[in-house]
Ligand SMILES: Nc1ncnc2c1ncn2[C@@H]1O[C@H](COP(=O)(O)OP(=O)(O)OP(=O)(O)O)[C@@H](O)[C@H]1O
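Only one chain is included here, represented as structure tokens and corresponding to the form predicted alone.
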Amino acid sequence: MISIDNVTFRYQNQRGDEAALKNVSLTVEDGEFLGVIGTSGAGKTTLALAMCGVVPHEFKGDFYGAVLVDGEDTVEHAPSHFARKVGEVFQDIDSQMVASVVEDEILFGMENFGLPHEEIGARLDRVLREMGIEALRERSIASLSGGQKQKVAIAATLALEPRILVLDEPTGELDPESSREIFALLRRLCEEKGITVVIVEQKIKLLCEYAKRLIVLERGEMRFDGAPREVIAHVDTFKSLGINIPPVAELSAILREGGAYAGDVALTLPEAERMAREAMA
């Protein structure tokens, strides 16, 4: 479980009332699939870094409040202390790569933690298969596309079998089909293995379909926190923030406002079809 209690963080170059996070409090339960959305500069990445303990240890600034991972305070321990428990995949994939070949990249973490040789081999084969990158096994990292590098980074993280996954826009360079595959894999890990998934993502349609809970950040503060359908219902607020929401949700708001529809906000095409039929009736 991750517990964030009244956290404020101001980077060293921020002044006055500016802060990357402002009095943020939330609890992420074991096995939860949480999506984090917000515009650029809203504090999404800083929140993800705080959950891993990277903030405040590796970024200079003023930190207030507390982040607890399974009851342990991230301020009191180095990020490496949580490495087996919290797996992280961040936007700058190249900075995470430590090897020159895909297989070696995935092996690095397992060997570094001294896992038995037989177990290392089994985990390597499994994550390559799960991520659909078996053909990349002997490829050089430098020869990969951005999307392929993202898949390798996720595979290397999953190989350590963390209980918590924190991912910052892991599908940013993936095509729609590959993005859906990643989301489906994350949900499967969440449901079948009880892994907690926290994902910062711009693809709100996918978040609405796969995440069980959404939080919205605005200028470092929590704006909304709840089930996707409840959060996305605030269409006017999302428009004012410049956040694009699924067109079907926007259509729901228009029909509800006009009195033609009184049901829940639609998030998928089948739901939109039922909504349209109800409105026409």
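Numbering starts at 1 and follows the sequence shown. Definition used throughout: the rigid core is the maximal C-alpha set that superposes within 1.5 Å between two forms. Just so it is clear, the structure is predicted and the values come from calculations on it, not from any experiment.
There is also a form predicted together with the named molecule; it is not shown, and the following applies to it.
If you check the named molecule in the predicted bound form, you find a heavy atom from every one of S40, E169 and Q202 within 4.5 Å. In short, of 40 to 48, 252 to 260, 23 to 31, 61 to 69 it is 40 to 48 that has heavy atoms within 4.5 Å of the named molecule in the predicted bound form. Of the heavy atoms in T268, none are within 4.5 Å of the named molecule in the predicted bound form. With contact defined as any non-hydrogen atom lying within 4.5 angstroms of the named molecule in the predicted bound form, the contacting residues in 1 to 34 are Y11, N13, Q14, A20, given in sequence order. Relative to the superposed core, D17 shifts its CA atom by 2 Å or more between the shown form and the other one.
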